[in-house]
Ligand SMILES: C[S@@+](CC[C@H](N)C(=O)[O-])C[C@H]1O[C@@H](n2cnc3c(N)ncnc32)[C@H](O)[C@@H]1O
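Next comes just one chain, in structure tokens: the form predicted alone.
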């Protein structure tokens, strides 16, 4: 039996419980929710599995060492003693990223430079040569998390952020992050039981993530690069075995709709859908979101309307008022979810949300609101629901 290893999966604030559930379903042990992260345990297969299957993780860090230090010298010596040569080839490249709080280091940069020097000096002693530093595209990325007099040293198994799925050909000017989109779908409790509609689809991130979820396509299916692929101790047999665990469905009994009023955005959506090889599942059409009506009810409606941050609106509050009217009168019998950073405009939707959550789309703090849509007034709907 393989030795238990300790990992940390990074994510956005508000998504931690969703990520913890996802990791547990994949077989992770002792999942512990942290701030913008989930700590978990498992073997090397679990590390590969988390990178390939997790929809709500940004990166998977493998903890190598925890140590205390009182001064620069002790810090340097602790990192010098770490066998970085297990991961890094002598002719390879590396980068060191550091976060620190309440420590002896005034800046994370100096802590990173000192750690880099310790690793390079170890290689000089062992091989009489040292690896190069490449901050943009290193073979191995080391992460140091320092709090007061304690440091944790991690190796980054993901490389580029896992939100970069590999299906984006072009980006919408105000895109929803793929990890946030996947979390929205998970938080909606939708499991592919009804049609999925995004009437303001932009680059089609939400419909693509929904189709991937319903068809059981792994989050990393389209991705070709991971940090661990460049490690000296990479195990290709284990990696290939993990990828074969995927059970992708050939078809589903529901439809996915992506519409937008802007033809330029629809071109972006079509390119991304084609890259994901989902054009047989997602219907793309030009529609005014306020006139769109579902072909089948119930359906799940999910949208990422303009916030006024990166896409200008002539009258933001009137626009959100129109969203509320369209949801009430065009989507009766459906459930709807809206994400936005414009809290004042969201009030103009005029519907009472059944669920509320705070999510971050990049640096933007957003509200994610869910609505049960029905004909007539809310009081009679609640009474009828209880009677049924």
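None of the values given here were measured: they were computed from a predicted structure. Numbering follows the first chain given and starts at 1.
What comes next is about the form predicted in complex with the named molecule, which is not displayed.
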#### Entry: Proximity to the named molecule in the predicted bound form, single hit among 252, 187, 261, 113 (heavy atom within 4.5 Å)
261
#### Entry: Sole residue of 307, 76, 234, 123 within 4.5 Å of the named molecule in the predicted bound form, by heavy atom
307
### Query
Just one of 218 to 226, 261 to 269, 81 to 89, 240 to 248 has heavy atoms within 4.5 Å of the named molecule in the predicted bound form; which?
261 to 269
### Query
Is every one of 174, 200 and 319 in contact with the named molecule in the predicted bound form, taking contact as a heavy atom within 4.5 Å?
yes
### Query
Within a 4.5 Å heavy atom cut-off, is residue 289 in contact with the named molecule in the predicted bound form?
yes
### Message
Would you classify residue 204 as touching the named molecule in the predicted bound form, given a 4.5 Å non-hydrogen atom cut-off?
### Response
yes
